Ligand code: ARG
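Below you will find one chain, with nothing else, as structure tokens; this is the form predicted on its own, and questions on how it binds or moves follow later.
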């Protein structure tokens, strides 16, 4: 029973947060004369010694004491005697563990946001580096229209921007101080919750003691944000995996982020990208697990809620592990310019511009779409490019096609005319790059 119910094997990582919260709590108890100044000094000194033991991996964890909170209190009593038992006045493990988790969340969300900002900066650097490169754009994984490679990469910058905005919201909801709620009904001691909140850097308090100990929304929100983020990263990695295959051949990933085959000497497997894609399911699982745990719980605290931590910790570790590596892999990525030039030399990619040309000559878009469709179908049957069909043969599909249309069949020129804001023209992409750079610069102020 002890081994089954104990949370120490995973909540021990909250030790430093627990000590930090306990010191703020003790200072408040002394300021309200709930304990003496001498007792507070003794307790804080003992907690500082325990902090040093934890930081230097010398703390004697004991599973007989169930969780990290009881382990620290037991160790404190060993060090300073009976005054150690006064640490827990005016609080419960329910509001204590909630406090520790809030403190942990605030620290980790800030670090994850830092890694996301680094990834955004890496994407901007790549967009700068490849600002002269065209690639086929795809819909339904079929070649659709030519676009700038920089434009394609910047899509992920804006995805990550939204992820960081959602993460900021999760941080805001984590910035609530639960200590003082007790087990569920508050405490009869004359405590000062605002003092503790100020000491620990919280901007707000939970205004309802039951809510304070029963709330796990902030964890669910973080897991939800993480799931969306992982979906974005998985889409990026899926493209890197495809682009690095022989069938595409657009990019090459550095050897440091790929592996060979145990059997086939020629293989260069994109393992990091595949693992990012695979670990997306792991993060999804943590979110659904937490939603399921909470869905039928009556107020206030229930032991089920101990299940909030392992999925949270695993998601934090997953993000902190992969984000720096993903940035490094992208930094070292190279492109195959001749292969990309070959891929973009496909005038079928310009079909939309031909249809737009006919509209400008007076055709309805539906008629234009139909005419160009017949034009392309004919050329495919003949095994020729659009530019290879002479003017008189083009006339059979629409009279206007007999005119000079060579510029409309040049992917470079097709890209250059898409100057609308957010478009793929080089001039529009450079403006987009500058907007993105300005956003990053503003965040650094």
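Residue numbers count along the first chain shown, from 1. For clarity, every value in this text was computed on a predicted model and none was experimentally measured.
Beyond the structure shown, there is the form predicted together with this ligand, which is absent from this document and is the topic of what follows.
- Task: Verify the contact flag for residue 97: yes if a non-hydrogen atom of it lies within 4.5 Å of a non-hydrogen atom of this ligand in the predicted complex, no if not.
- Result: Residue-level check for residue 97: yes, a contact with this ligand.
- Can you check whether residue 115 is within 4.5 Å of this ligand in the predicted complex, heavy atom basis? Result no; residue 115 lies far from this ligand in the predicted complex.
- Answer with yes or no whether residue 69 is in contact with this ligand in the predicted complex, where contact means some heavy atom within 4.5 Å. Yes, residue 69 is a contact residue.
- Message: Check residue 18 for me: does it contact this ligand in the predicted complex (non-hydrogen atoms, 4.5 angstroms)?
- Response: It does not: once this ligand is placed as it appears in the predicted complex, residue 18 has no heavy atom within 4.5 Å of it.
- Item | Residue among 370, 277, 93, 79 with a heavy atom within 4.5 Å of this ligand in the predicted complex | Only one listed residue qualifies here, and that residue is 93.
- Message: Considering non-hydrogen atoms and a 4.5 Å limit, which listed residue (375, 156, 301, 357) is close to this ligand in the predicted complex?
- Response: None of the other options qualify; the answer is 301.
- Message: To test your reading of this chain, name the stretch in 302 to 310, 357 to 365, 148 to 156, 170 to 178 whose heavy atoms come within 4.5 Å of this ligand in the predicted complex.
- Response: So the stretch in question is 302 to 310.
- Contacts with this ligand in the predicted complex, stretch 1 to 38 (heavy atom within 4.5 Å): Heavy-atom contacts to this ligand in the predicted complex: 7, 11.
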